[in-house]
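Consider the single chain below, provided in structure tokens and representing the form predicted on its own.
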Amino acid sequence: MNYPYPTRREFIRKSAQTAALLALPNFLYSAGPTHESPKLGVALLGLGNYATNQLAPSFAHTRHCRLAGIVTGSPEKADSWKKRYQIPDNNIYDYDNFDSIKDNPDIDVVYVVTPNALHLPFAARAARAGKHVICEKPMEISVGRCRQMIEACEKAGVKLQIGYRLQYDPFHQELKRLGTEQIYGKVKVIHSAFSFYGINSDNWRFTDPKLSGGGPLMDVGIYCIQGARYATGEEPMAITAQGYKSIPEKLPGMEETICWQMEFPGGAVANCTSSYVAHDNHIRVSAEKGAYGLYPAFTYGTLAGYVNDQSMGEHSHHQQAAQMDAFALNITQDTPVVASGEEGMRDMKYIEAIYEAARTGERVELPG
């Protein structure tokens, strides 16, 4: 297949010639321990695939936080994690005794990694226990429930971060800079897609719309929304959308593929796609005087960027470690959270508008 952007092989070939094109910003994370200040204790709530294979290993690379506890409904998982990460018994909770975490000074942050529709109740319980909260994306399954989470954290006086790991990635930060500073003129068209083939899985994401809140849009499509927003530095003013389903007996009550278009006040249009029956992973920004983007753009591993078909090189870093370290510094330095609850709620507003546009076939205008 001929892509309208360089292939990974071309990135590698060109990177030696064009590595100086992009000076990736120094970021707050770095591998290895530090003795600058005590690390904040984080408890992971929900020990599924993401917590097991992405978050837990990332603590080996954090500078400002550590894995201090777990919350799980599985005694088998509790025993396994206790042995693997040397977690003391008094830092292991189940969903019934979770509220007693308020009496544990070893836990500063609770990271909620449950199915989407369970984010609010656990985040609210963590907040009431006086613990700062990281909530995995999407923030919840409705704008109303997002608002309740924000209010619960504000009432308790704790900080809230949404798990937008790519907000802290140097390539995505550069994507934002190129657009907002109009390095190649005004952004005019954005093409973005994030899809994978998962339709045959029996995971709750693909089988239970009450827990997931939707299909690929709620799962990986949200990254396309994020990318278009920070590539323009603007909020969309109108949305159109189309939903498709080719295998009716799969994905009950949710979309299989969804395409949507976002219109921005400065004249840019974003064309986005997310699907559970295809494979894609890119964002391309076309401006008045050039084009740039990332391919791959949104995955956990190595990302690669280009400007006008010249490679920005490939780069891989511990995204989850960077995200958690940023939040730890927000707490200790009392600074604003980049991936805040308000940021998560805005995306949920756009998700609801996309679903409405796909359902009605009408252009949905968004409040300014």
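Everything quoted here is computed from the prediction, not taken from an experiment. One-based numbering along the sequence shown.
The next section is about a form of this same protein that is not shown, the form predicted in complex with a small molecule.
Gly341, Gly69, Gly313, Gly46: which sits within 4.5 Å of the small molecule in the model of the complex by any heavy atom? Flagged contact: Gly46.
Since exactly one of Asp219, Asp108, Glu255, Glu174 fits, which has a heavy atom within 4.5 Å of the small molecule in the model of the complex? If I apply the 4.5 Å criterion carefully, the residue I get is Asp219.
Tell me which of 226-234, 183-191, 147-155, 196-204 has residues with heavy atoms within 4.5 angstroms of the small molecule in the model of the complex? Only one stretch qualifies here: 196-204.
Exercise: Asp169 in contact with the small molecule in the model of the complex, heavy atom 4.5 Å: Outside the cut-off, so no.
Could you tell me if Gly214 has a non-hydrogen atom within 4.5 Å of the small molecule in the model of the complex? Outside the cut-off, so no.
Contact label in the model of the complex: Val113 to the small molecule, heavy atom within 4.5 Å: Taking the distances in the model of the complex, the answer for Val113 is yes, it comes within 4.5 Å of the small molecule.
is_contact(Tyr95, the small molecule) in the model of the complex, heavy atom dist at most 4.5 Å: Contact check for Tyr95: yes, within 4.5 Å of the small molecule in the model of the complex.
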